[in-house]
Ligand code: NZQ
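Shown below, as C-alpha cells, is a lone chain in the form predicted alone; questions about how it binds or moves come after it.
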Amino acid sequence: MLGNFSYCNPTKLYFGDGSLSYLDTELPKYGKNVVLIYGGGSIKKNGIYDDVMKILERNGKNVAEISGVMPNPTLPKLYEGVETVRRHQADLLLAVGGGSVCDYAKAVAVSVNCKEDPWEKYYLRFEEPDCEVVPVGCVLTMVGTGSEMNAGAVITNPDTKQKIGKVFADERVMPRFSILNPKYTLTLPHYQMVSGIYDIFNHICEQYFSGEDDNTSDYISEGLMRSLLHSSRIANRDPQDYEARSNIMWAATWALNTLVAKGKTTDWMVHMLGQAVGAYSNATHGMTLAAVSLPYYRHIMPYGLQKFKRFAVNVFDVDPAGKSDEQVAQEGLDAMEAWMRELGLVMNISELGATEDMLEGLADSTLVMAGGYKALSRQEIIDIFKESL
C-alpha cells in the first residue's frame, strides 16, 4: 500500500435478530429529549415503531417526531427538521429507517446549532461543522447506503436540481450507535431490495477502481463483492432467506464505513452521475447508479485496464487464458451486466424518467470528481448519459 492514512470509526454496532434490545443499553447515555426520525410510515405497519416507542417510554424519554423523510431528503425537509429539533432541545436524534433517514438525521445534527445556512456551508462550500453536533443513533430497516457507520449525508435541493453528498471528516457526525437486525429488511419490496444490493456493490466498485498499487483494501473489496454476488443470488430467489439477507446487511456496512477506501484515491463519478439523475427524477438511488454504471465503466476501462482485468478474474471468475487484457476486462463487465439483469435492475435512465432534452441539464448538475482513472470532460458526461438512455 502506497497511501498514508489514519483510520477511526467510533460507531458501535449491534447486529442480529433481537438487537433492538440494546437500545435499552444506549438510551441512558443521553439526555431526556429524543427526536424520532422516520420515513413514510412503514415502520408503523410492521410494528417496529411500536417496539421502539415502548423502549423510549421505558427509559423515560420525552419524544418528538419527524416523519415523512423521503427517499431523497430535500433541503426544505432539512430546514423543517432543524426547527423541530431546536424546539425540542434534543439530546439525541434516533433515525429508524433506511439510508435516507440516517443521512437526513446526520444533516439535521450538524445544522441545528449552525449559525449559517447549512446548504451553503456544507453542500456548496463543503466545510466542516464548527458548532455542537447533536448525537445520532440509527435503527436500520433497509440496507444499501452504509449510512449507519459513516459520516455521509446526501441532501437534494429541488430548486436548483442538485443532489449533493457531503462526507464529513468530523467523527462527531458519525452515528454513536447503530442497530442492525436483518429481519427488519425481510418485508422490503423486491425493487427496494435489489436497489440496495446494487448500491452496496457500486460503493465497493467506486473505491476499488482507483490506484495501481498492490493494496490490501482491494483484496478486501474483492472478498466483499464475491460475498455480495453469492448472497444476492440467493436473496433474489428467496427474499426470506435470513442468512443471505444478513450477509447483505453486513456487506453494506463494510462497503462504506471507509475501511476499503484506505490507501485509495477512490472514484465517485458513478454516484455523481446517478445523483444528477436522482435530482431530476427523484428515482430510487440504487437504480440511478445501475442505469449509468456500465456506460461509465466501459468508457474509463481503457484508462484502468489492469484493474478491470483483475476485477474480471478475481470477482467474476473470467478465465484469462489465450485472451487479450481488453477481452478479459470486457468479459468482466459483461458478467457484471448479466448479474445486474438477473437481479432485475434498471439498466437505463429513460426508465427512470430521463429524456434526451434533459442531457444538458444533467451534465450541468454533475459534479466532476478527481481520483479515478480519468477526469471526465463535460462532453464525455453528456456522451455517457446518452449511452445510458
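Here the structure is a predicted model, which means the values were calculated and not measured. One-based numbering along the sequence shown.
Keep in mind that the form predicted together with 5,6-dihydroxy-NADP is missing from the display, and what follows is about it.
Asker: Select from the listed residues Gly344, Gly361, Pro320, Gly40 the one whose heavy atoms reach within 4.5 Å of 5,6-dihydroxy-NADP in the predicted complex.
Answerer: Partner contact (heavy atom, 4.5 Å) among the options: Gly40.
Asker: Using heavy atoms only and a 4.5 Å cut-off, determine which of Thr160, Asn314, Thr187, Asn215 is in contact with 5,6-dihydroxy-NADP in the predicted complex.
Answerer: Answer to the contact question: Thr187.
Asker: Is it the case that Lys121, even though its partner is missing from this view, gets within 4.5 Å of 5,6-dihydroxy-NADP in the predicted complex, heavy atoms only?
Answerer: Contact check for Lys121: no, nothing within 4.5 Å of 5,6-dihydroxy-NADP in the predicted complex.
Asker: Taking 5,6-dihydroxy-NADP as it sits in the predicted complex, is Lys264 near enough to touch it, meaning that at least one heavy atom pair lies within 4.5 angstroms?
Answerer: Lys264 lies outside the contact set for 5,6-dihydroxy-NADP.
Asker: Since only the chain is shown here, I'm wondering whether Gln192 would be in contact with 5,6-dihydroxy-NADP in the predicted complex (any heavy atom pair within 4.5 Å).
Answerer: Residue-level check for Gln192: yes, a contact with 5,6-dihydroxy-NADP.
Asker: Mark His271 yes when one of its heavy atoms lies within 4.5 Å of a heavy atom of 5,6-dihydroxy-NADP in the predicted complex, and no otherwise.
Answerer: His271 belongs to the contact set for 5,6-dihydroxy-NADP.
Asker: Is 5,6-dihydroxy-NADP close enough to Asn46, Val69 and Gly99 in the predicted complex that each of the three has a heavy atom within 4.5 Å of it?
Answerer: Yes, because Asn46, Val69 and Gly99 each have a heavy atom that approaches 5,6-dihydroxy-NADP to within 4.5 Å in the predicted complex.
Asker: Heavy atoms within 4.5 Å of 5,6-dihydroxy-NADP in the predicted complex: which of the stretches 305-313, 168-176, 69-77, 236-244 has them?
Answerer: Only one stretch qualifies here: 69-77.
Asker: Could you run down 270-302 and flag each residue that has a heavy atom within 4.5 Å of 5,6-dihydroxy-NADP in the predicted complex?
Answerer: Contacting residues: His271, Gln275, His285.
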